[in-house]
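Below you will find one chain, with nothing else, as structure tokens; this is the form predicted alone, and questions on how it binds or moves follow later.
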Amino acid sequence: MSAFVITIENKDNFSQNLTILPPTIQLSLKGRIRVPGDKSISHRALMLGAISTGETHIEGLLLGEDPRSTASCFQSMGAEFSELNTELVRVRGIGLGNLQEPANVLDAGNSGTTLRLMLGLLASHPERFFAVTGDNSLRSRPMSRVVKPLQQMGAEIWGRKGNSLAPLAVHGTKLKPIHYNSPIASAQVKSCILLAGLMTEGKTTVTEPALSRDHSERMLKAFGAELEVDPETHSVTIIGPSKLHGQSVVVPGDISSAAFWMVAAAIVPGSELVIENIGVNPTRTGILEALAMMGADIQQENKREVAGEPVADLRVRSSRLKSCEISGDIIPRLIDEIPILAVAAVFAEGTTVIKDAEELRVKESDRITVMAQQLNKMGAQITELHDGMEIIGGTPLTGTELDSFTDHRIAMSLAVAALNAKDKTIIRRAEAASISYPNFIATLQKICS
């Protein structure tokens, strides 16, 4: 066998198995690739476009299931969207404060970003009623982290288990400004409160224990909101009420999606990949810093700024990775990339420790438990910590049958691990990758051919 064999098998109408069989001789990964648009920016562009006056133009939108859920929800409340594509999406906004009561329950699908951010807007629309839900996974994920601060602002929200789980019912009210000291560094929590503050008279402030991604702040300013940012105290203040106007948004490539190819090129000997047009916002580049600590060979080329966001091409060459500790303030800036970092750690010399990442337990799956269990099936040596993992690197992996647990980042991380494993790996429910990366398998086949 002289090449990777990568096949996808449809098990039924809803499930796919991904099979990866590495070649008997070592082959490297080569080429130039692009990844889908940034998911966080795509969500925010659709939302802000929907509640602005005038028309918003979006280039490079991520076409995954999560942004489609956002567009569907806001379309149900009166905004108009052209067909979603990567070239140009037109959003005709209805203006701040004009969300209509939907005839049906709003369905956020699998998207925690859609549901948590949207709650801030729904709660601030007086005398309107909204009901929101999601799929099985989303209905099990905690919503109290945004419900509680919204209730401090005067929001009326009801749901299961003490208003902590969807489905949720929202009766919009006139909110009051607060200064919320968030116990966690979370862009979703921060963004939800800032969006609630758009229609709230006065100053609404969020202070975090560490810096989280700042896409909401950048985009809110671009659409016309008045914000005050204090980086020293990790505080953001929005001054309401605001007026938002449609803008042109260019969505860069998602660094979270690029992370899979960074690690793939780093661990497969002789590889060199160029990943083009990647957003390198400093609040998102924790993955680059962590891989640098591990000795990865990654260079930023063609640095530029596109629509207010820093962008670069990333050249990644295979390298001899070493262990490190990943913890503290860097965690909020790479929380989504920890599953693939665990794969990198399996192939690094020494023992890598990941801490302060308990947030992983309440993602689409319990990513600490699932990554440890699935990689250990392949022969890795991973011990779960309550807030992370301890990973002894250097043990060769052997292919076996694995499960994504319908978590997109788990599916893609396991696929990368399989590239450097011996024998065949089968990943069940691999279709989960389409949530954030619809063309992941096609790109995998391209770089492995």
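Quick caveat, the model's predicted, so the values are computed rather than measured. Start at 1 with the first residue shown and count on from there.
Form predicted together with a small molecule: not shown, discussed below.
Put simply, of M294, A185, A155, L194 only one has a heavy atom within 4.5 Å of the small molecule in the predicted bound form, and it is A185.
Contact annotation: R139 falls outside 4.5 Å of the small molecule in the predicted bound form, judged by heavy atom distances. In the predicted bound form, S40 approaches the small molecule with a heavy atom inside 4.5 Å. Proximity of T113 to the small molecule in the predicted bound form: non-hydrogen atoms within 4.5 Å are present. In the predicted bound form, the small molecule sits within 4.5 Å of a heavy atom belonging to E359. Each of R44, R145 and I335 places at least one heavy atom within 4.5 Å of the small molecule in the predicted bound form. Looking at 73-81, 147-155, 186-194, 261-269, the stretch with residues near the small molecule in the predicted bound form, meaning non-hydrogen atoms within 4.5 angstroms, turns out to be 186-194.
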